[in-house]
Every structure is written in C-alpha cells, then in structure tokens.
Ligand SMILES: Cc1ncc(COP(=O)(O)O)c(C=O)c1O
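Taking the form predicted on its own, here's one chain by itself in structure tokens.
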C-alpha cells in the first residue's frame, strides 16, 4: 500500500495554509478582534481545533450550504456535528420557531407540543415515557442520577474512547493494564474517575460481563455504534448481548442515539430491534435549537416515582429552568414531523452511501492504507486499512498531521467535514451533485498526496 511521504505532506500543508490566508482575509480580521475579547479568539475552546491559521467566520447558512464573511460558499458535510443534520434553518422548523416567538419562549409549564413530541418519540424508539432537557449532555447526566437512585449502586460502565457530551463519568479510559483512568485532556475532574466509572472495550461481551459481575453497576451508558473516535460498528449480536447482560445483573441499559440517529428515524434502536431501559438523544431533533430528551420504560418510571418525593422534586439535580421550554418543543415538533421524516431518511441514507462509495473508490485507486465506515447518512474514513473493532483501535489509527491537511485542503476547496475526525453527514437538502463534487475534490486531494 502507498506510504505517505511526510516531507511532501509538510509541503502540501504549507501550500494550503498559504491558500487559506489568501482566501479568508475578512475572517482573519475578525479573528484579530475576537482574540481581544475571547480566549483563543473563539466562543468555545474546541473551535480552535479547526485547521488553518484561524476559524473561518460564518455569514449565513441555508440547507446544505453556508457562506463565510469573505463570500465563499461551502458544501457543509459537518452540519454542526449533527446539530444541523436537518440542513440549516429548515423551512418547517423556522416557521414553527417564528410562530412560537410571538406566543412565548418559556414559562415552566407544559405546552401541547410536549404531548405531540413525546408521542412521536415513543413511536420512533419504542419507549413510552419521555422527559425533556436543554442538551443531550443534560439528558445523560439525569439518567445517570436516576439509575443510581433506583439501583442504589454507584458505578457507571462506559465504553473506552466514548463521548457523551461533558458528563464527568464518561471521561475515563483504560490504561495498558486495563485500569480505569481519566482520559488525556480531561479538565478539572472532580474525583478520581475510577471511583465513579468502569470502562470496557466496545464489542467485548466478556469484558462487559466481568465489569458487571462486581454487582455495583447502576447503568451502562453507550452509543450503539461509536461515532466520536471514528465510526466503530457493533459485531453481530453484540448489542443484544449487552442488553441481556444488563438484565441479568439488574443494571439500567442506556442507549445514546444523539449521533446514531443517522441510520434512520428510530436510530439503531429501531433498526436492530433493541430494548434499552432508557434512551437519550439531542442535537438534530430540534433543527439546531439546543435541546435534549430521554425516554424510559414504564418499569423505570415506576421505580423512579417510588423513590422521589414531590416535596423535594425540584432539588435533586434533575432538570433546569429552561428544560422543556416552549420554543424547543415547537422546534422539535416541526423537525420530527416535517423534516426528519421516514422519506427524508431514505434519501439521506442513499446519499450517505454514495459519499462512502466515492471515498472508497479513491482509496482503492491510489492504494491508500485507509478504510471507510458507513452509518446510514453518516460516513467516515480512518487511516488504517480495515475497519476498527474498538475505540482504542480507532484512536490508534489517528494521524493529526494528515487529518489537518485533509480538512484544510477540503475546506479551501469548498467542503466542510467534522473537525475532530474525518466524518461527513448528509442532510435532507444535500444533493447528489454535492456528493459528486466532494468525490472529485477528495480524489484530487488523494492524487496530490501520493504524487511525491
């Protein structure tokens, strides 16, 4: 297979960095002003990870495209890292938001939309009872608390190299000896992660059972396919095996579908016929308006009710003032019933496969030691020849220098992919011509990469 010439790669990076500066002078001017009022010149620290001398500043976004302040238009295959999987500002969601703006944003009381949204979520995912939060992170935090409450156990199992928002318990990993430790970059951990968390590898049922056998695990929190370290797909029978182990050991099984909803309207839970105790999701379901939600079985709800006193229901660390606000529920209703429909998913998944076909073709043509994984409307390539089976394997396939080049080259060519890895997502507004254009740009990038 082709070996990347690192000196040649360095020269290519220098060329793209120079091209970036030429293309984005107004973003550069704004960045200089931004550094005076924001650490690193960005409103959130992770925005500093974008390739180039500075992040490009967005002027407007609509559908599957956005325009920067220098007037350049891009095919957006990042889509807010799923937050705008609907496409930017979908018409039905915008109309619902505009209508609700005139009728009130939040009142700490339910609206009719809450009933409709909860009913639709129940239809899609098969869990009958739902609660709403401000983010998917909040949803995960809340269900962890509930799980500890009803099981009277302390530990949470997570998957090595997982991501579930900024939930403290999930920033743990395995060292070479198999011990639970904090992940590199974990800032200000309140306690030793080994006190709260037990980490297991994805696709390893034996390790899962060994972790559960201690008898102290309140919940298993996991994505049905890993998506934030590179796409890692489940082996046949793995997910149902986890569900069976959770039931055997009296542990709450929580599935986080925030990213894996890319496979279809009911996520992998519906696609695989899974039966979790609790399901969490956020981001895309309100068209970009911040929101989260979690569903539960009747049994879990009854166990919670038996332990929660109404007099103290507002002091238990569950919920926030803006949770379930009228604006987010109006956005969710429109998004779920008119934008992320069954028909839209069928088209998105088809185009997602087409994107992966184009990437696979270029990888094969230039004999690159890479592979591409598929997850419905989502696709991602890793810098190893075979698809990973675990989070550790996916992490070890990372190549930050090469990744920065690929992202910067595609950005300069008018395509945005997710900044933290090589992932693309298709929206209902993405067109076949958008995918074809990306295939051509990706192929040209690969050709230049191996030309040394």
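Residue numbers count along the first chain shown, from 1. Just so it is clear, the structure is predicted and the values come from calculations on it, not from any experiment.
The same protein has a further form, the form predicted together with the named molecule, not shown here; the description that follows concerns it.
Only one segment in the set 207-215, 134-142, 92-100, 108-116 has any non-hydrogen atom within 4.5 angstroms of the named molecule in the predicted complex, and it is 134-142. Among 74, 163, 249, 370, the residue placing a heavy atom within 4.5 Å of the named molecule in the predicted complex is 163. The partner is absent here; in the predicted complex, the one residue of 223, 380, 201, 169 having a heavy atom within 4.5 Å of the named molecule is 223. Using a 4.5 angstroms limit between non-hydrogen atoms, residue 258 touches the named molecule in the predicted complex. Interface residue remark: residue 228 is counted as part of the site for the named molecule in the predicted complex, having a heavy atom within 4.5 Å.
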